[in-house]
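Shown next are two forms of a single protein chain, provided one at a time as structure tokens under the names structure 1 and structure 2.
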Structure 1
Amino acid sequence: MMTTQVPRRPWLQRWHVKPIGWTLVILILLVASSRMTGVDVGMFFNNLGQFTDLLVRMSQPAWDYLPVILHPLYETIQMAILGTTIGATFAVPFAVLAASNLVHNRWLRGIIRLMLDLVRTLPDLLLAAIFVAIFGIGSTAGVVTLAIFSFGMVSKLFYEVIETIDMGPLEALESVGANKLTIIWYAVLPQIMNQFVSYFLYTLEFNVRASTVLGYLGAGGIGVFLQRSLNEFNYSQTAVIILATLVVVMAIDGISNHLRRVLL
């Protein structure tokens, strides 16, 4: 009988040199980064008791505070929906112009992508501070901030999806003399509508959470009440605000998952 010999593995695989080496490199980079930035890891463990005390204070939510935050929470949802819708609507034509398989002019495509990169570079907190100074304290500044943020985020995701579509339907319409708008409407949008809805809902979910932070700068919504409860060390009210926001985010996530199953 012939005996099969198991091939011997190289010593690099036998002693797992590469995984161990990369792990050591990552650990060295983490330690070096913490020293360069002045991060005190020990302080985290020393103050762990304060974190536990904060959780204990938030473990008894003040449910009688819930009727007070219903209207600001509703305003936050309105801000997120309005800002996301405006940003996503403007993102559609810019994403089409930025797609390399639809626009062959490198200069035009490069200018559009550069503008989109500049929009994504600006942090949402900086945008909120600017628009609060322009429009004053209120939800208007929050809506404009979320619209610009959504525009930059959705446009990039959208034109990346456009570049992966099947070019067969586009070539078929071009062969019969269809114009660009007809090609985009009948050959491009039907292929990417499912992904667009998914990205829209994801951005909406993100904007609901972001709008609570924008309230710190006076951009309206429930963030104003969150800042007030934290400044007053009223953590029972803070717990109610966090739980209410969590319910909204979970509801949006559930709707998003249902629409993905229906559309896909």
Structure 2
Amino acid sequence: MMTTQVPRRPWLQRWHVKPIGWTLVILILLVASSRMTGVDVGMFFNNLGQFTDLLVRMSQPAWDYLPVILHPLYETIQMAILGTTIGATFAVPFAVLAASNLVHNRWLRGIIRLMLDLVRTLPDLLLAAIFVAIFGIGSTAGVVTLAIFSFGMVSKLFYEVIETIDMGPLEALESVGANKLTIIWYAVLPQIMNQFVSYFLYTLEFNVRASTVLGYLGAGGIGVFLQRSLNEFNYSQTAVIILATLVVVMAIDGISNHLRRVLL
């Protein structure tokens, strides 16, 4: 027994090819990335003075600015609500078309999904910049941006929900010869309504956060004031805006989380 030899392992494992390979890849990427981005730890610490100065000024919020930003804050929430609603409404038919258990035409489904994937690649601020160019400065651009952004997000969440439904009631209706719309209305919708509302609220949370910065590019809401205060180096105003935004976002999150827990 004492002469037991440790069995030889395959050379891939013996020389740790995989872990070493991955470590090398990541190291190379890290070095390349830091060269490309000019990351320099020293520079950060050299300029630490300016950074702390900024933090100090932000730590003294100008509370008298609060009444000024109340209206834009409301506007931000209103934009989020409208944008999410419009986006979600448009998302429903597309979600149905993209669901593999409802649409058996593989081509149609593939095209719809590709389209949804493409919509989802666009970052919200980029959309905002384009729509500000089209619609001009104001909340219209914001609402349209949020609508498109939520359309991409909601449609994917929705079709994934639809694909998990119980097909029993559907087949029952199909067997008595009901048409597609009737089937969706009576057999699909009741099963997914709660999940839909829950995801709608989740997207709304997300959009409230997003809408606070859209204004930075002129798409309405509190972001307009954020940009103004930053441009004027008025950091005590910036601080008030950020704190107020935090309160609003957390309040919406709280309400929405509570509703979602009740729903599911």
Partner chain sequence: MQTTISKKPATLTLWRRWNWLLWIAIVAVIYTWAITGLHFTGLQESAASVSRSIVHGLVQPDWPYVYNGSGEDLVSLILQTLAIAFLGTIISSLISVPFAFWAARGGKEWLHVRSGSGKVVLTLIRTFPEIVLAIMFIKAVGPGSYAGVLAVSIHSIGMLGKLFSEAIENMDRGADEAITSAGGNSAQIFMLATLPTIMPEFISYTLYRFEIAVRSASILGMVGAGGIGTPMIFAIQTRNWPRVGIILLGIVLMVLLIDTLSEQLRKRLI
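Between two forms, the rigid core is defined as the largest C-alpha subset superposing within 1.5 Å. Residue 1 is the first residue of structure 1, and the numbers go on in sequence order from there. These figures come from a predicted structure and were not determined experimentally.
field: Of structures 1 and 2, the one that is the form predicted together with its partner chain
entry: If we ask which form is the one predicted together with its partner chain, the answer is structure 2.
message: Once both forms sit on the same rigid core, is the C-alpha displacement of Val197 at or above 2 Å between structures 1 and 2?
response: After core superposition, the displacement of the Val197 C-alpha between structures 1 and 2 stays below 2 Å, so no.
- request: Taking the rigid core as the superposition reference, indicate whether the CA of Tyr216 shifts 2 angstroms or more between structures 1 and 2.
  value: No; that C-alpha moves by less than 2 Å between structures 1 and 2.
query: How much does the C-alpha of Met36 move between structures 1 and 2, in Å, when the core is lined up?
result: Met36 is displaced by 7.4 Å at its C-alpha.
- request: Enter the rigid core superposed C-alpha shift of Leu24 between structures 1 and 2, rounded to one decimal in Å.
  value: So the C-alpha of this residue moves 12.0 Å.
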